[in-house]
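First, one chain by itself in structure tokens, the form predicted alone.
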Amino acid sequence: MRLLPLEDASELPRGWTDAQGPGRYRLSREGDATFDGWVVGPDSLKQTLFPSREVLYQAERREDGKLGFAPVAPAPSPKAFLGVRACDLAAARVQRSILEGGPHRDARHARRSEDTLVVAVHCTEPGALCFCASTETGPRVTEGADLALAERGEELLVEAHTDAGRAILDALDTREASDADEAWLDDAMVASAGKMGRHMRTEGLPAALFGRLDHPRWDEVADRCLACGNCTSVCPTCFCTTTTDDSDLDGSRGERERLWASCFDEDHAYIHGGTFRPTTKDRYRQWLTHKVGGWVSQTGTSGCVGCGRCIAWCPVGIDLTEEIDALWDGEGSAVLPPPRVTPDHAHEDLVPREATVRSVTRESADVVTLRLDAAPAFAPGQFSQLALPGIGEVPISIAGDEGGLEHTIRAVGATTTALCAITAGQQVGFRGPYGRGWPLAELAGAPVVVIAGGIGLAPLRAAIRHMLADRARFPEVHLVYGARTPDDVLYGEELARWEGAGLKLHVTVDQAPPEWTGNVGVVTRLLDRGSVPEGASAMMCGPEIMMVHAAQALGALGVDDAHTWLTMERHMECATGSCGRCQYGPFFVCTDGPVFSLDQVRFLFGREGF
């Protein structure tokens, strides 16, 4: 049963029903010629309001070498949806909470959600896989519709929920519903809830799931899961996307397209060097813990509406409700953050603007710093999105603003390699700044230890400059920095100036030539009472394994988790919390981070698979 445009009422699926089971969906004729004898097919409002692929912008590289980015916006198109179930109305609200409820409001989704009319259906005949009664998203239509219908024999009981719905109802030949009619509907809803074939225990579920990440059930379900992504394709709330960049042969014109993706894709959590979720177990656990766990912390509501589609369309019949029942049979509970409150929503169309490169500084063999003429206000620790038409877009930390907005980049992929080859006067695409920066106000008044590994010094550079410029508030600052070799030490001249300004500098390298007289070894070997004074707070950025061991050393020196801050690196593709790729438990790294306090992420920090 598909949701498709209708030319007239004769095309409505009257007299059809569907039979559903794990990995099974069949249509058949039913005896009564009813309109609502079927439940839900693979389609939902998602296909219309959040299409599976759309062009975000077109780009050109002009003859003068300048760039141009032109947004592609959806055309206004009034729409009416007929026969929508309560679970799908709830799904539309849930998906909107992600795409429009965070700090960045998806402009395209918002535009498509406007000017719609919804004629919904109270679900009187639930299917064997339905459990919307236990997720409190059905079977009765309570909000989100203009009209709600219930089929009673040859009559339709109609409720108008909005002015638009009342205007339609006023134009029809109707009679006033009687007390008996309304009592029938009440009884039908109670009966419908009682006939549902599935149930999900939801109270306390997020804390239980994140507290049972080592439950043996994850291995058992991973043995059956094909990681095909069917469940995410038919789920009416899943929202993960990816992007592709195409160009013509000479690179003068290109476009960026957004496509649905799945957290079951192997590259969904990929960053340079590897993926954070290499196994099917990791990806199934990510999907389930986010769907009915992390989503609650992000939006205040579960990402599951009880429609049962993921069960029907799973080719091996994995039953979400069965898996959750099995996970309930265990021990463990995690403390999760409360739902975030976002009072302001910035309009976001994901289209970069042009920025000219003022200067380029070669920092090492594979690292450069670009200074752009973009001049947005930023907080140390925030990041930008830099784009090149036809090549790609990447998140880059803002390293400062001396002589232009500074971005220090290591060539590790196609886009960063192309950015490292840029020369002064050329242009790049720029979006930002994004994310939450270092909590400098909270760090003032006590010793601060800055721990950096490799290019991890870049996100800390602006914060160090800020502290050294305000010695009254930051009287003692240590920098503990590790690089691969002496030639890979970044900002050499500036390190010397910082030391001259009072910074206590501790440097080590992994490998060194004979003439090197400094430290050799990992960063954590430098963490002792000489570099970590009593009462110190810590900020760190670098390879995650380095930060795990540094956190252990800091803890041993008395620095508690609430006074340890770190910046996380995950696959941040949209930077606005709408592509789902940087999910980290109950957080989006791009909008909730990238800077976190250690006590925020302690229950996941260093855990494989996340």
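Numbering starts at 1 and follows the sequence shown. No experiment lies behind these values; they were computed from the predicted model shown.
A second form of this protein, the form predicted in complex with a small molecule, is not displayed here; the remarks below concern that form.
Please tell me whether any heavy atom belonging to residue 61 falls inside 4.5 Å of a heavy atom of the small molecule, as the geometry stands in the model of the complex.
It does not: once the small molecule is placed as it appears in the model of the complex, residue 61 has no heavy atom within 4.5 Å of it.
Even though the partner isn't displayed, in the model of the complex is residue 388 close enough to the small molecule, meaning a heavy atom within 4.5 Å?
Result no; residue 388 lies far from the small molecule in the model of the complex.
Residue 594 versus the small molecule, in the model of the complex: is there a non-hydrogen atom within 4.5 Å?
Residue 594: contacts the small molecule in the model of the complex.
Just to confirm, residue 516 within 4.5 Å of the small molecule in the model of the complex by heavy atoms?
No, no contact at 4.5 Å.
Heavy atom within 4.5 Å of the small molecule in the model of the complex: which of 294, 482, 400, 395 fits that? Just give me the one.
Checking each option against the small molecule in the model of the complex, the one that comes within 4.5 Å is 395.
I need to confirm a contact call. Of 409, 462, 538, 118, which residue comes within 4.5 Å of the small molecule in the model of the complex, counting heavy atoms only?
Only one option qualifies, and that one is 409.
Counting only heavy atoms and a 4.5 Å cutoff, which of 522-530, 103-111, 183-191, 266-274 contacts the small molecule in the model of the complex?
This holds for exactly one stretch, 266-274.
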